[in-house]
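The chain that follows stands alone, in the form predicted alone, written as structure tokens.
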């Protein structure tokens, strides 16, 4: 039996760095959102070998691939020694702040349970996912969610909706490790994270969502990681300015970058922006938010 699953991207409505933890990681508060842009993953059973196939030059096909790591972790955890060939049809830009690799890993853990006849407890799934990457647990939930800690402690919220998103990527790869290494000192002070409350920005956005006004998040877009990234890549500043000038309702860099997303009020406005920016030779893609219900439906209706 062969399984085919979508592997959706994410954006961050907000991302705040509250300080540096004792374990060396940074304490985050982030509002995450699944969107319609997706890779396609095809899972084919093999004897024992784990094989990754992907034509994208930026995707490793060795043991460093996150889908490979997910497969190995699941095999070691359950004792199942089956192999699998994972073919990745890449549509999400690589190293772009859209969580493509993490999404691939989560989709792999979901697909292999079906393929190998397993049913892991949610706690075990989240534990395995967090060992692979901080964003992986979010992709077990989807929709709109609050991420705290390293971002791997995830809590579902009422869904936000934005039908007319535009993603823009100028082909600038950004290494997450370097972004965090270049944060300003005020964001990296050691903090007593055990007693740390929600930050003001996240608390405001969270309460707005729960009051039934999810669109109010659009006016609170914020990403602390823009500070080091935009300072080193002025082209991203230009992209943000152009999107704002064209009429975007909100513009923000997603995650650690370098993809910029913009919110428009209509298909007409988005189409005009798409035409303008794609003419500059940048990768551009229309997208929309994906609710938790639609996200889970897409993952549960995998084709054989």
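From a predicted model like this one, the values you see are computed outputs, not experimental measurements. Residue numbers count along the first chain shown, from 1.
Another form exists, predicted together with a small molecule; not displayed. Remarks below refer to it.
Think of it this way: in the model of the complex, the small molecule has a heavy atom of just one of 59, 38, 252, 50 within 4.5 Å, and the residue is 59. When you look in the model of the complex, the only residue of 228, 143, 129, 93 with a non-hydrogen atom within 4.5 Å of the small molecule is 93. Only one of 274-282, 42-50, 235-243, 63-71 places residue heavy atoms within 4.5 angstroms of the small molecule in the model of the complex, namely 63-71.
Using a 4.5 angstroms threshold between heavy atoms, residue 107 stays clear of the small molecule in the model of the complex. The closest non-hydrogen atom of residue 147 lies beyond 4.5 Å of the small molecule in the model of the complex. Contact between residue 112 and the small molecule in the model of the complex is not found at the 4.5 Å heavy atom cutoff.
In the model of the complex, the small molecule sits within 4.5 Å of a heavy atom of residue 100.
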